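So this first bit is one chain, no partners, the form predicted on its own, shown in structure tokens.
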């Protein structure tokens, strides 16, 4: 299994290396615009939960940017499936289904962690003070695994690029704007509060924000993140086996 994981991950990293600069630049622009528009736009006079708004915003941008980059592997998997038939080669090679899933997910984790580092660099530039709770490391790895595995699941299920676009429009985008990235969830109407607590991003954002701002980390939320990892790993295996069938 480990040889299979290594082979899949090595292929993805080899391709990524050829376009790393473009990928890094593209993943840097959106959060920078949010920081300028919201961080500087709101100024230091706006506070959220006793925090300057920009200190509240930075952890949210970490979850948003790492989510986007981890989930972005879905588009690349689709191209590999539909045009280069890479997954057909995986499935006839001596590589287990779990090895394929974990290899692809680890590539998504790599991209997500790199995106998180970019936000930390912005935090230094904008002189935002962050605390460091070791639970952050666990949380960010779980967070990127969740959305990498979700990417593998959806990319195996969809039949074309338009199907992937529907997932982005009706799942990923609502999560980003409703799950506490830019403002506290308690500002939402009650019906939306019920909805956002179904989304894994809500728990990621709460844990990562608490870990970076000196708040109290809810261990139950960390457990829920681990649950989503397991669930999406199982759905990824199911989806991959469905493609093979």
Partner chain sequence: MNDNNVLTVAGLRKKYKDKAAVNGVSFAFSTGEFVGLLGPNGAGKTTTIKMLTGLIRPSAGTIHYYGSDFRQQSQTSKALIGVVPQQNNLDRDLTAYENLYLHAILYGIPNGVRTQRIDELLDFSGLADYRNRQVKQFSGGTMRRLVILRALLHEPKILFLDEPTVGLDPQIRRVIWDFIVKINRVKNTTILLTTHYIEEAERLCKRVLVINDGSIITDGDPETLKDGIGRFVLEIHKDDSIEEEFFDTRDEALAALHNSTYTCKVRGVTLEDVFLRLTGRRINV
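Quick caveat: nothing in here was measured; it's all calculated off a predicted structure. Numbering follows the first chain given and starts at 1.
As for the form predicted together with its partner chain, it is not shown, yet the points below apply to it.
**Q** Could you tell me if residue 134 has a non-hydrogen atom within 4.5 Å of its partner chain in the predicted complex?
**A** Contact check for residue 134: no, nothing within 4.5 Å of its partner chain in the predicted complex.
**Q** Using heavy atoms and a 4.5 Å limit, would one call residue 96 a contact residue for its partner chain in the predicted complex?
**A** Residue 96 belongs to the contact set for its partner chain.
**Q** With heavy atoms only and a cut-off of 4.5 Å, decide whether residue 84 touches its partner chain in the predicted complex.
**A** Taking the distances in the predicted complex, the answer for residue 84 is yes, it comes within 4.5 Å of its partner chain.
**Q** Whether residue 92 contacts its partner chain in the predicted complex should be assessed with a 4.5 Å heavy atom distance threshold; does it?
**A** The answer is yes: residue 92 has a heavy atom within 4.5 Å of its partner chain.
**Q** Please state whether all three residues 3, 6 and 88 have a non-hydrogen atom within 4.5 angstroms of its partner chain in the predicted complex.
**A** Yes, the whole candidate spot contacts its partner chain.
**Q** What are the residues of 1-26, in order along the chain, with a heavy atom within 4.5 Å of its partner chain in the predicted complex?
**A** Those in contact are 3, 6, 7, 10, 11, 14, 15, 17, 18, 19.
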